[in-house]
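There is one chain below, alone, in structure tokens, taken in the form predicted on its own.
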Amino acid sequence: MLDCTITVESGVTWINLKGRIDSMTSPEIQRQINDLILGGERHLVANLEEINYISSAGLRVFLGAQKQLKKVGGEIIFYKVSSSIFDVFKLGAFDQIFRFASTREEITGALHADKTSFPIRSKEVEKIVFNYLEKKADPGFLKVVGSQENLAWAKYIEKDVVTIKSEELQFGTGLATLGDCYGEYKNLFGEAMVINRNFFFYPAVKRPAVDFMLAANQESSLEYRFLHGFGFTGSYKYVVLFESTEGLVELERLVNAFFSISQANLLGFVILGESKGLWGMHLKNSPIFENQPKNGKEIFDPINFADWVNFPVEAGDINRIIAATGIAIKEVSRERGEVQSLLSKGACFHVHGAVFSQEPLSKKIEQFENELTRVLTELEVYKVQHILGKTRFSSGMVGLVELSS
């Protein structure tokens, strides 16, 4: 038998165990640890003071959790391990993988040593807690790509395609695809995003699958084909960790709160977060001239909408990782008309994002760019979406680029 209780003491999460850890009881420990990790916990203390037996099956559970946590800057620390239990750890050389503590002061010291020495500021806005770093960075630049004029009527033709070299597009979103011959790629335009020159798009076909090109090398000769969209360049002025003090964080509320950190009117941003309900949409058909509706109405007309747009009736992709990029405008009227046209009526932001596999994320601000690279290059990707303001996150990190247009 095994008793497992979770407590929080001085901000540290403790897993208090009593009894026997073996193949029969370890699944419950694994469930509890998985729940904690998915809930955002990164440093755990396993109290083994009252454990009288542990098998390799039990050790394997802790090893799996340690591998997950190490990826995101966390770990499990074991507290008050008896000599007989420690011998089991040594048998498999597990004593070289974990840290052990016999006093609470040792745990406090170990966790304190892991804290960043960066000057982190904090503030709370609209029940969202922000911890953020401010860096030296000149304003970046926003570039509008192509035009949306032909979208509603699906009237794009070959001359409307805008070709952009990967070296020219650091971040961006739009309707885009890959390919060299218009006749081959014209039916593959779909929601696309670019983060650190890495390109992901979701072809507007019956059975879509995300295609992507990893091109972080600035000397790449790759070319992307856009019907419309935008791109921006620049360095992060702020890197932000966000968490809600009450419930979850909606995308719309999060984006509006960015302007409490930055005084810029126009921001480019990259979000890396854990989804607690994604509201996203994508086209089902490429909006080229050959595909336009036969009834002469717009693709967004109620008669055609269901055939052209995959629109959610409920939130999905719970616990998936979302990497997204977009722009936000504080006062839309201050920007030129070309920039204003990038936003839907009444909206202040435009975001595309990719849905990746379920995985814990680091909460260390200084690791944001490395963590973003890990997600983009290592995790499985499922779709790219135009993301709506109702999308919810449990927590995440954001890079903010102040822009001029």
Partner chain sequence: MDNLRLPAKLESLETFRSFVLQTIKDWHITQEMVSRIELVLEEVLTNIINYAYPTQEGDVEVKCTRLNKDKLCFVIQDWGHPFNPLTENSPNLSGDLFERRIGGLGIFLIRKMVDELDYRHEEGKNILKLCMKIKK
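Remember, it's a predicted structure, so these values are computed and weren't measured experimentally. Residue numbers count along the first chain shown, from 1. Here, rigid core means the biggest group of C-alpha atoms that superpose within 1.5 Å across both forms.
Beyond what is shown, the protein has a form predicted in complex with its partner chain; the following relates to that form.
Asker: State the residue from 134, 168, 87, 149 whose non-hydrogen atoms include one within 4.5 Å of its partner chain in the model of the complex.
Answerer: By the 4.5 Å criterion, the partner-contacting residue is 87.
Asker: Quick one: 249, 254 and 260 and its partner chain in the model of the complex, is every residue within 4.5 Å by at least one heavy atom?
Answerer: Not a single listed residue reaches its partner chain in the model of the complex, so no.
Asker: Should residue 39 be classed as touching its partner chain in the model of the complex when contacts are defined as heavy atoms within 4.5 Å?
Answerer: Output for residue 39 is no: heavy atoms all beyond 4.5 Å of its partner chain.
Asker: Spell out, yes or no, whether the shortest heavy atom distance between residue 63 and its partner chain in the model of the complex is within 4.5 Å.
Answerer: So residue 63 counts as contacting its partner chain.
Asker: Test of understanding: in the model of the complex, would residue 59 fall inside 4.5 Å of its partner chain by heavy atoms?
Answerer: Contact check for residue 59: yes, within 4.5 Å of its partner chain in the model of the complex.
Asker: So in the model of the complex, does any heavy atom of residue 96 sit within 4.5 Å of its partner chain?
Answerer: Because a heavy atom of residue 96 falls inside 4.5 Å of its partner chain in the model of the complex, the answer is yes.
Asker: Heavy atoms within 4.5 Å of its partner chain in the model of the complex: which stretch among 330-338, 101-109, 158-166, 70-78?
Answerer: Of the options, only 70-78 has residues within 4.5 Å of the partner.
Asker: Can you list, in sequence order, the residues from 19-42 that come within 4.5 Å of its partner chain in the model of the complex, counting heavy atoms only?
Answerer: Read in sequence order, the residues that approach its partner chain (within 4.5 Å, in the model of the complex) are 20, 22, 23, 24.
Asker: With both forms fitted on the core, check whether the Cα of residue 390 differs by 2 Å or more between the shown form and the other one.
Answerer: Result for residue 390: no, shift under 2 Å.
Asker: Aligning on the core only, does the CA of residue 54 end up 2 angstroms or more away between the shown form and the other one?
Answerer: Where the cores coincide, residue 54 still shows a C-alpha shift between the shown form and the other one that is 2 Å or more.
Asker: Has the Cα of residue 63 moved 2 Å or more between the shown form and the other one, judged after a core fit?
Answerer: True for residue 63: a C-alpha shift of 2 Å or more.
Asker: Which way does the C-alpha gap of residue 72 and residue 128 go in the model of the complex, closer or farther, given it changes by 3 angstroms or more?
Answerer: Those two alpha carbons end up farther apart in the model of the complex.
Asker: Residue 72 and residue 316: do their C-alpha atoms lie closer or farther in the model of the complex than in the form you see, with a change of 3 Å or more?
Answerer: Compared with this form, residue 72 and residue 316 lie farther apart in the model of the complex.
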